[in-house]
Every structure is written in C-alpha cells, then in structure tokens.
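Presented below, as structure tokens, is a lone chain in the form predicted alone.
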C-alpha cells in the first residue's frame, strides 16, 4: 500500500470516529477494536461448538447442542479436565506458603543474593517455556518421578511462582509496620502478630496470587506437553493431540467448557478481591 493510500485510509478512519458519540471517540474505537480482536478466537470456537454436523464450519450450518450432550460420555476429556483442575489446585495451594514466606523475607530481611532472586522473578518473561520444560524434564527424569501428576503441578508451580510472589510483595510493601509494632507492644508474640495482623493485611494479595496461579496452572500447555505422559495428560495437551488427527465440533465444545471454567475463576477473583486489585498485582 502506498503512502498516499495509507494517509487516505487514516483520514477516513478519523472522519468516521469523529461522528461517534463520546468525549474520546478515537480511543474508544481503538479499544473496542482491540477487545473484538482479542475475543474473536474465543467467539469463533464457541459458535463452532454448536455445529450440528461432524465437519467444522464457520458460520455453522445450524445450531445444535449435540456435542454438549455427548460430552458426559467422553470419559477421556472428563478425566483430562479433572486432572487439569487437580494440577491447578496443587499449584495454587503449594504457592501460597512459598509466596508469603518469600515476599516477607525479601521485604523484611536482608537476604544474600537478593539480586539473584529478583532476576529469577523475571524468568517467566525471559526464558522460553520450552526451555524450562526441558530442564524440568531432565531433573524429574533423573529423580525418577516422571509419570506422576504431582510432578506436573510442581513444575507449573516452579515456573509460575514469581507471579504469586509479586502479588504478595505488593501487599507487604503497603502494610503499615506500626500495626505490627502495636500488636507486639500489647504482648503478642511473633506468631500471634503474624496470624492476627500481618496475614489478614496481606490477604487480598494472597487471594489474588492464588487465583492467578490457579488460572495459569489450568491453562498452561507447553511445559505440560513436555512433562506429562499419556496416562496423566491434562486437558490442553489432550485438545492439542486430538486436533492433530481430527478437528471436530466436539473439540470446540470441550474448549468452550474449558473457557467457561477459566471465566468462572476470573469471576471468583472479582468477587473476592476485585478486578482492580487483580490487575494491579
């Protein structure tokens, strides 16, 4: 496209947006387009799941709940979904004490190699997940624990734990230390101060981090693909292996249910701590 054509297209876009209601029509339009772009794949999968035939079509030939009725009979998908929930729950529960202790330690105490820990917290953004998966596969293989479901949960905890520590650290930083000093002056020992003052104060960060860990554990694919064996395959891995041989509306129905489960987790996070708290963490 020539430069003149691009300029003409942009001018036409701005003329259209000026006619829209609102004080910031351009920004509102761009945000709306971005939301549609992000939601489009999910919408397509959800619509395709209502295809009545065996062949995936978009738009579908009609609307049918046939594949949703067949889901309860697909034991391999039900088992895989159950394993994904177990792995995500294990990941969430294990991350809570680790995240609390790590956040308190980093903020309250002088720790050797603190810079190294801070660099570790950046690993989810710097090291490809496939590399992390291969490293964990080698370690777990040497330990002889490959093939256990808990090893998948442990692997997902290791790669995602920085998100939990960030969430709790933000609340520890906002905690007024005078509250803890007041409790100690009134005779509370260190453990009583922690459970009666510190822990309730950082609870929103703990809940937020735990829900983030659950959602990440539920949706993680690359490391699970490397770590899991055919007997303990999780739902994202099973969906991937299934579409390599046959793409049917049944897969779209399974994926839609999976999206609904993840969406419910976000709703729970909103009810417990609020989306603002979740996004700030």
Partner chain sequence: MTSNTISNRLERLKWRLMDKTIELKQRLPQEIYQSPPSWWGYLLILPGILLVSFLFVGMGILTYYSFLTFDSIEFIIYEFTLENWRSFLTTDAYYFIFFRTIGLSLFITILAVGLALPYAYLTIRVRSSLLRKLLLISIFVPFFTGVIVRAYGWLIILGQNGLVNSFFGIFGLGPYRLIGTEIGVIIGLLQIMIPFAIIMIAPAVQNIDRAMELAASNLGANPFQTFYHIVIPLAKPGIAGGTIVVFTITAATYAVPALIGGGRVDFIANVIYRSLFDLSNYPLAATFSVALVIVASIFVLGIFQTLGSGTLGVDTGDSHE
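Numbering follows the first chain given and starts at 1. Throughout, rigid core stands for the largest set of C-alpha atoms superposing within 1.5 Å between the two forms. Everything numeric in this text was worked out from a predicted model, so none of it was measured.
Separately, the form predicted in complex with the partner chain exists; it is not shown, and the next lines address it.
Chemist: So in the model of the complex, is the partner chain close enough to residue 26 to count as touching (4.5 Å, heavy atoms)?
Modeler: Flag for residue 26 set to yes.
Chemist: Taking heavy atoms and a 4.5 Å cut-off, does residue 147 contact the partner chain in the model of the complex?
Modeler: No, no contact at 4.5 Å.
Chemist: State yes or no: in the model of the complex, is some non-hydrogen atom of residue 202 no more than 4.5 angstroms from a non-hydrogen atom of the partner chain?
Modeler: Because no heavy atom of residue 202 falls inside 4.5 Å of the partner chain in the model of the complex, the answer is no.
Chemist: Consider residue 73 of the chain shown here, and say whether it contacts the partner chain in the model of the complex, taking contact as heavy atoms within 4.5 Å.
Modeler: Contact check for residue 73: no, nothing within 4.5 Å of the partner chain in the model of the complex.
Chemist: Quick one: in the model of the complex, does every one of 53, 61 and 79 get a heavy atom within 4.5 Å of the partner chain?
Modeler: No, the candidate spot makes no contact with the partner chain.
Chemist: Note that the partner chain is not shown here; using its position in the model of the complex, name the residues of 213-236 with a heavy atom within 4.5 Å of it, in sequence order.
Modeler: Counting only heavy atoms within 4.5 Å of the partner chain in the model of the complex, the contacting residues of 213-236 are 215, 219, 221, 222, 225, 226, 236.
Chemist: Residue 29: CA shift of at least 2 Å between this form and the one not shown after core fit?
Modeler: Yes, residue 29 moves 2 Å or more.
Chemist: Kindly check if the Cα atom of residue 192 is displaced 2 angstroms or more between this form and the one not shown relative to the superposed rigid core.
Modeler: Yes, the C-alpha moves 2 Å or more.
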